[in-house]
Ligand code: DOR
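Just one chain is shown here, as structure tokens, and it is the form predicted alone.
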Amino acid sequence: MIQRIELNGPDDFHLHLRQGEQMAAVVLDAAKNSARALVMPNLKIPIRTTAEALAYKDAIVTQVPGTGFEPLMSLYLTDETPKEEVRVAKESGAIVAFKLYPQGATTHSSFGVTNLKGRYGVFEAMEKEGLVLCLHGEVTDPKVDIFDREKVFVDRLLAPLAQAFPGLKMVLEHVTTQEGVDFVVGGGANLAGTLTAHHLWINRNDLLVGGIKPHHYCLPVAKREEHRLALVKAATSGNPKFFLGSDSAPHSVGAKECASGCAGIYTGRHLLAYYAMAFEQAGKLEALADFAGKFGAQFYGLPVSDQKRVLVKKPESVPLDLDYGTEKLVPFRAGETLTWTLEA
């Protein structure tokens, strides 16, 4: 029985760090669990230019001196993003991706794209420069059921986009459906998908049965059990098209436990333990190292990190809450005992 796991890196290719005192409350968790992380640009005022991203990166690095943690930066794609910004982003050496949010799809997405075809000039520039397009894969058509939004996005928007730009690297982020998994598997080498720790654990029953669980609410929303099992199979398959992207998204208790609660689950404190337990339950613990530390780096054209993180088979309790600036947040699986612990 495996009692110790050594991981290169790892890399987290989808992370929310917020700003100010809220960032200060969570960024050390990120640095403990990962060597590099792709930081999302959907702040209250989004990161839309290279200059803004570089300033944000400096603010992050200032919070984690001596850790070796490297933020990889992304820009928020809007209907007004000029294609010239792609060249500037590439030349900076710090920007590795643009993030596409359909307008209104999730937290702080009001600046998002309303017309995908209207962005084709930017996609052509990204294809030329070798930058990655990260996609929040949901449609926002009110006639589409919330549990079908990823499937419809894949059929209606992603399939034509992949056909139009076969050389554009794209990541379908936080995949939640069998259809999403199938599309990534069947797509070209330019297409990959990230899988979160929480979507490997919860289905929609965990959100709704026995009363609404606001701390299990995220977007894309958790789906049926058959879809959760498809995600676990993809994560543990050894297919290099799938890699770690936590989508760890902190929100205060007050922002979650209210009449219109925010979408997002905070997995940052115990991230690697959540993944290790899911892989172990699937009988594929040996597949975790490549999923967490190799496949994402390869897709993004980065060297595999020479940093190491070690997990040991040791119980650790998840706190009921964590400090979040002047407020509190509730972490994923609060109050439960995990079977893996990140070695100091």
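For clarity, every value in this text was computed on a predicted model and none was experimentally measured. Note that residue numbering follows the sequence shown and begins at 1.
Although not depicted, the form predicted in complex with this ligand is the subject of the following passage.
Here the chain is shown alone; which of T81, T106, N239, Q178 has a heavy atom within 4.5 Å of this ligand in the model of the complex?
Only one option qualifies, and that one is T106.
Have a look at P71, G112, G187, G264 for me and say which one sits with a heavy atom within 4.5 Å of this ligand in the model of the complex.
Filtering the options by heavy-atom distance leaves G264.
With the partner left out of view, is A222 within 4.5 angstroms of this ligand in the model of the complex by any non-hydrogen atom?
Flag for A222 set to no.
Heavy atoms within 4.5 Å of this ligand in the model of the complex: does C218 have any?
The answer is yes: C218 has a heavy atom within 4.5 Å of this ligand.
Any chance N42 has a heavy atom within 4.5 Å of this ligand in the model of the complex?
Yes, N42 is a contact residue.
Might H136 be said to contact this ligand in the model of the complex, defining contact as any heavy atom within 4.5 Å?
Yes, H136 sits close enough to this ligand in the model of the complex that at least one of its heavy atoms falls within 4.5 Å.
Heavy atoms within 4.5 Å of this ligand in the model of the complex: which stretch in 88-96, 124-132, 139-147, 242-250 meets that?
Partner-contacting stretch among the options: 242-250.
Which of the residues spanning 1-19 lie within 4.5 Å of this ligand in the model of the complex, based on heavy atoms?
Result: H16, R18.
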